[in-house]
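Read the single chain below, which is given as structure tokens and is the form predicted alone.
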Amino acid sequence: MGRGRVQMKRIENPVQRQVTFCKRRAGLLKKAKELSVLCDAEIGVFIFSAHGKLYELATKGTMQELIERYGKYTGGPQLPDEPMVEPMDAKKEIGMLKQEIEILQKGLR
């Protein structure tokens, strides 16, 4: 006797929804690992929960390496090694830092 088909709609009960998320997330990651081992494939998976928590899997190397490889393959934008910081005029920077210091001092008072 097999299982019945699961109707694809949002689970209304939050407890059941969380349990289903955890079980299906674990199953998805397990299947990705199995596919990687059986077929010698490089797989990267991102999962964001409803609460914003990140779950990720990179089967070979790191996720960063996979993303860079994907960018090269698709010709898309490359991820910078270092965040781009625009140079600021020294006077503007001094003014901004003074404002921050004043705000922090007011907060301490």
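Bear in mind the structure is a predicted one, so any value in this text is a computation, not a measurement. From 1 onward, residues are counted along the sequence shown.
FYI, the form predicted in complex with the DNA isn't displayed, but the following is about it.
> Counting only heavy atoms and a 4.5 Å cut-off, does the DNA in the model of the complex sit next to every one of G2, T20 and K30?
Replying inline: Every residue of the candidate spot has a heavy atom within 4.5 Å of the DNA in the model of the complex.
> Tell me, which of E56, E42, E65, E34 has a heavy atom within 4.5 angstroms of the DNA in the model of the complex?
Replying inline: Result of the distance check: E34.
> Counting only non-hydrogen atoms and a 4.5 angstroms cut-off, does Q16 reach the DNA in the model of the complex?
Replying inline: Output for Q16 is yes: heavy atoms within 4.5 Å of the DNA.
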